[in-house]
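There is one chain below, alone, in structure tokens, taken in the form predicted on its own.
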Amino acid sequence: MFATDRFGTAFSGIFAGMTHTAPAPRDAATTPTTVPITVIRGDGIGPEVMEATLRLMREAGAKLDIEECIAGAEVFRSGDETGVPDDTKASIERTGVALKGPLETPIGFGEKSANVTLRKMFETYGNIRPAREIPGLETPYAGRGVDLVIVRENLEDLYAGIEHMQTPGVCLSLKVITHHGSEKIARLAFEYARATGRKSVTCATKANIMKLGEGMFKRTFDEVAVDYPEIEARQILVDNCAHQLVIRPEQFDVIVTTNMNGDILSDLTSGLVGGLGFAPSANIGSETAMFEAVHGSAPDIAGKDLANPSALMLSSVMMLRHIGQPVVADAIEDAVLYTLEEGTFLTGDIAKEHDPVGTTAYTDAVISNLGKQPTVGERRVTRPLIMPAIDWRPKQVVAKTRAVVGMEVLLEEAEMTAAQVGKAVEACTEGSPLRLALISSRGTKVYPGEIDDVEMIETWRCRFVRADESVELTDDQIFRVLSCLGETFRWSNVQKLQVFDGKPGYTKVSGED
């Protein structure tokens, strides 16, 4: 059976026909009288847009058994640094489906993002965000047929949240990219393209700079693409991708990318078609699907009946199709699009010709338009999305040969010059199979050599390599050098340098031969 969706997503039965361990979708033959879902109203404008969406679903005839739970700011204030209490986790485990309002993300201090915590808890490794022209919205791209989807890896990259203060003034944030995670999201992107009849998948990376991490993502994409010969596989640098999205967005079908890149690009694509107020999304994994508006909690307008609930309403459309209530989903989608196209009752963020209305009045208008259909916007015919059948236990990437060829150590020293640090460090390699190859500061070589035009900071990354390439380095040899360094310097980070199958597992620094 084919399913349809104006927004170019496969959520008309997007989880139908899943392989792997995902719960079977509910269709007309198997759907119970009511379907259990978890609802999290969220922070800021979250309660308002969620109430509007729940009203709309009730009026449209959705059959839901709602379990209301909390997450976000209220939980943080109670002292739970996860932002997600056990009761909420248990509810989502029971239902396998969540509709979520925006949650506040603390900026610059201790607590973690509750959004990220939820994604990690339930391994929702893929974030799917469609961006398609919406009737009635005046944008610079109206009439150009923008219809694309960002498929964003959802668990790794800088969002792993692994950061360490090396000194009071220097922080290191680790960008985590795995072959396993890259393969899963690449396969999801191709399966999505196949399900929605799309012709191309573009991989957007910064592999020219981060040759190992983003490079692995790029190379894994190429490996996966071989299994989908009917779909054109493209590569693009993410900065050029942003450039091309502004110049000619209609050239793209599906864009797959890493977590941080996807976060940025998907907000950009939302802006092409009307803004975050119209950006639905789904976080999907093998056993759980969470549907949410992309926009934030907008605390400045919270409680003022000003918020635009369209994004969460359209996210509920995705959810309803997933749980086997496509007729209700179609009715809600039609009513939202009809209201936008008519243009009489619009919230302040988009109202042009008529006076703006509030959240409640806009919702009333959408409800009154149930049963009406917009005059523009065709539904995309889709097939069920087949989730990638990848074992949840990562398959280890095994090298035929590997060797430890050196190490890098991050030292703290605020008074010495680069030359002084270099001489002191070299003294610790006397009688050792390790020799100091170079010292770098923020990725630029500063020793050996007269480097006068690089601004120094209080950390120095010292790279040691084997003095004799025929000698296999041992941990004891590394420890002895570290012990000596510790007598003169504070050191906060050490990394072995390894070679796999003859290829260095580390990158050169600027200025290195």
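A residue's number is simply how far along the shown sequence it sits, counting from 1. Source: prediction; values computed, not measured.
Beyond the structure shown, there is the form predicted together with a small molecule, which is absent from this document and is the topic of what follows.
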- Answer with one of 52, 37, 45, 462: the residue that has a non-hydrogen atom within 4.5 Å of the small molecule in the predicted complex. 45
- Answer option from 429, 297, 117, 288, heavy atom within 4.5 Å of the small molecule in the predicted complex: 297
- Query: Pick from 166-174, 140-148, 301-309, 245-253: which stretch has a heavy atom within 4.5 Å of the small molecule in the predicted complex?
  - Reply: 301-309
- At the 4.5 Å heavy atom threshold, is residue 100 in contact with the small molecule in the predicted complex? yes
- Message: Is residue 374 near the small molecule? Define near as a heavy atom within 4.5 Å, in the predicted complex.
- Response: no
- Message: Given that the small molecule is not shown alongside this chain, does residue 276 nevertheless sit within 4.5 Å of it in the predicted complex, heavy atom to heavy atom?
- Response: yes
- Looking at the partner-bound form in the predicted complex, is residue 349 within 4.5 Å of the small molecule by any heavy atom? yes
